[in-house]
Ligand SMILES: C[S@@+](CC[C@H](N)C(=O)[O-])C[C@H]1O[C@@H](n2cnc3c(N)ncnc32)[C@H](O)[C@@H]1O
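Take a look at this one chain, the form predicted alone, written out in structure tokens.
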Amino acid sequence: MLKSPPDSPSLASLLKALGDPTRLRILGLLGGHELSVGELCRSLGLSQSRVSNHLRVIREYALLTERHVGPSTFLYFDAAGLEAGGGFLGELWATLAPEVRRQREHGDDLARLRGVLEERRQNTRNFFDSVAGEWNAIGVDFATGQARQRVAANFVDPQLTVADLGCGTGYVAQAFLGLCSRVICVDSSTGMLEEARKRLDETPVGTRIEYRPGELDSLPLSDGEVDGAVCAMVLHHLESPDACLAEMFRIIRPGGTAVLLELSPHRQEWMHEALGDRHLGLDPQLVAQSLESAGFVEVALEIAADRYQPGQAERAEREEGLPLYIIRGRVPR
């Protein structure tokens, strides 16, 4: 990425590339969201061939980060990072960004983008609704079960209220029964919540359980409503963990604890389709940094003495399992 002005011919080429209205519309959309090429085309209301031609020009200047999921390519333009980093391109984009927002087509692009993102959310909800009945068989098998218990061990005060975010069928919430006074299970899939209800209501042990449908970037909880929150095997389903972690920070009282259980990066491509995984694991150091950026302090990383064994893996892979880690942080008092 350019840090200083290029020579005159290259500068003319760059300015010509960024002077095209359609390419500015593309950067205006990708500057706030990671989108697949198909999602980008629908948001712009343009054909894929036309958009691909413009992307070919933009790629020459290394402005986009790309992530490949099976046949799909996801694109992102780190506009905020570019501006914060300064340099020639950072200053140039800082000048262009207000003009992009004033483009006549920008409002229509944003309206179409909202529809595309809502469709994505609905597809995610539909997927998990469709597999909820079999999720216990394909999605919650672990080698020893210690990871779940280590998560639960962070909440041992019997007076605590704990939120299980992206609770799925309640396999983590089950570990809290008898350890705290109240558990709030949150999931965007009503099918998953119903399966959680079946699992948890069968074993009443003095812990009050609530079930709340909601998105992880807009949680159905009040500010400081809970003493702690857990997000187990969920972040790799999300576009980005940042919005979820910001919401976790909001709902936890001062001094309360957040605990994350996640997969380390792996190469099991089949999990994209079979388990709805958006990312093949997440870098623990980057997740820890995101937790700190959300406002948490005393962030600590622990490699779990357990491995994930998803139900549809090949036998050899299933026996070995996939590595896990736990990250915890505290809301400042």
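Being a predicted model, the structure only gives us computed values, none of them experimental. Residue numbers run from 1 along the displayed sequence.
There is another form of the same protein, the form predicted together with this ligand; it is not shown, and what comes next is about it.
- The chain is drawn here without this ligand; in the model of the complex, the stretch among 167 to 175, 109 to 117, 71 to 79, 87 to 95 whose residues come within 4.5 Å of it by any heavy atom is 167 to 175.
- Contact annotation for Phe128: at least one heavy atom lies within 4.5 Å of this ligand in the model of the complex.
- Under a 4.5 angstroms non-hydrogen atom cutoff, this ligand in the model of the complex has Leu238 among its neighbouring residues.
- The closest non-hydrogen atom of Glu215 lies within 4.5 Å of this ligand in the model of the complex.
- Taking the partner from the other structure, this ligand in the model of the complex has a heavy atom within 4.5 Å of a heavy atom of Val234.
- Annotation: in the model of the complex, residues Arg150, Asn154 and Leu200 none come within 4.5 Å of this ligand through any heavy atom.
- Interface residue among Thr161, Ser188, Thr207, Thr257, judged by heavy atoms within 4.5 Å of this ligand in the model of the complex: Ser188.
- Residue-level contacts in the model of the complex: of Ile184, Ile251, Met192, Leu245, one residue has a heavy atom within 4.5 Å of this ligand, and it is Met192.
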